[in-house]
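What follows is one chain in structure tokens, specifically the form predicted alone.
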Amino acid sequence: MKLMKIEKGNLSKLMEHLKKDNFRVIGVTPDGKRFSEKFDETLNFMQSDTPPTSISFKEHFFLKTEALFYYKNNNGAIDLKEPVIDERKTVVIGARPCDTASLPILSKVFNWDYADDFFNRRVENSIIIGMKCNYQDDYCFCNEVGLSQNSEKGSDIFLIPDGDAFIAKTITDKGNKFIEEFAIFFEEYTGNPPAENKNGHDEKKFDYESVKKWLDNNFEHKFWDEAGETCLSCGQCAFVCPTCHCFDIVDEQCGTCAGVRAKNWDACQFSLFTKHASGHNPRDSREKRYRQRISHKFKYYNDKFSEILCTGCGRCSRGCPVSTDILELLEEIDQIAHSTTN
């Protein structure tokens, strides 16, 4: 671990230098809504007390739609063509802990029984520059899922605001090498070491272990009859989430004799997500689909990978058109669990 310091003006210059050096530089857009290569070059978004973006940076590593291969019928012979992967190095700057933690979580499923080369190469070619968060609202619950506003999980370099500068803490070997390569923009940090990481709030809004234990034993509980009854099955929650990763693979025809096999984002809240070719649908109601969403995030993924499939960012609740609040549901489960054990 190294502690360096970088002035905000030098940070802007570093980002400009990287773009000229053919890096993909991804930051927060001027409206604060998403991560993009067309980010706010003034770096005004580098404020730790502003709300997180409406959409996570997931879309830059797990693409919304991605060609797996192209095919063409050439007089009866099928010609296949591999897609060209963008091999440029990527720097993501200013991501909050609830975003940076998503890549290690997603990497578990994308390297389960098959290693997703597209995803892995993007991650390997990236430098994630995370930033301490000082924002808290009624939808945030990073502490309850094992993270905090100071969590360094998933970051290669972690920035801590220090007046008109940032303390830059290297977390990984990639982070060390990055700072060594661009040392001209950094200076040695001579102040006191930053305080040890602490959770952003002392009182937990719910006890995860209690929720997990309840989910283990209450698949048919009456709670599920109402949990998702107002859900519109729009998929907003899955698409803004840093860790949702459902996808479909389809062959899309391009003209009369050519096409592409593509991987597209999907969501377990869609009514067709589990519909069989026979017409049977084991999740034929919104309540069953919402049970799946909660159970996948807080039980099934943990059972399989020892990870919670949630970073507590609150995006799904902030953007829900019918105000479904996942935190309220988890608090209710926690209350039910404690009431049955007391």
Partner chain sequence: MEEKFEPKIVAFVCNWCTYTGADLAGTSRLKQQPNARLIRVPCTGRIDPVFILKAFESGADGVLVSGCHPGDCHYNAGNFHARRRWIMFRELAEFTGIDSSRLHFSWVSASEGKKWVDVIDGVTETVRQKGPFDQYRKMARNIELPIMEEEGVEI
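Predicted model, so just to flag it, every value in this text is computed and none were measured. Positions refer to the first chain, counted from 1.
From this point on, the text means the form predicted together with the partner chain, which you will not see here.
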Only one of 123-131, 254-262, 174-182, 152-160 sits within 4.5 Å of the partner chain in the predicted bound form by heavy atom distance, namely 254-262
Any chance residue 66 has a heavy atom within 4.5 Å of the partner chain in the predicted bound form? yes
Looking at the partner-bound form in the predicted bound form, is residue 221 within 4.5 Å of the partner chain by any heavy atom? no
Are any of the heavy atoms in residue 39 no more than 4.5 Å from a heavy atom of the partner chain in the predicted bound form? no
Is residue 204 one of the residues lying within 4.5 Å of the partner chain in the predicted bound form, judged by heavy atom distances? no
For the stretch 72-95, I need every residue with any heavy atom inside 4.5 Å of the partner chain in the predicted bound form, listed N to C. 72, 81, 84
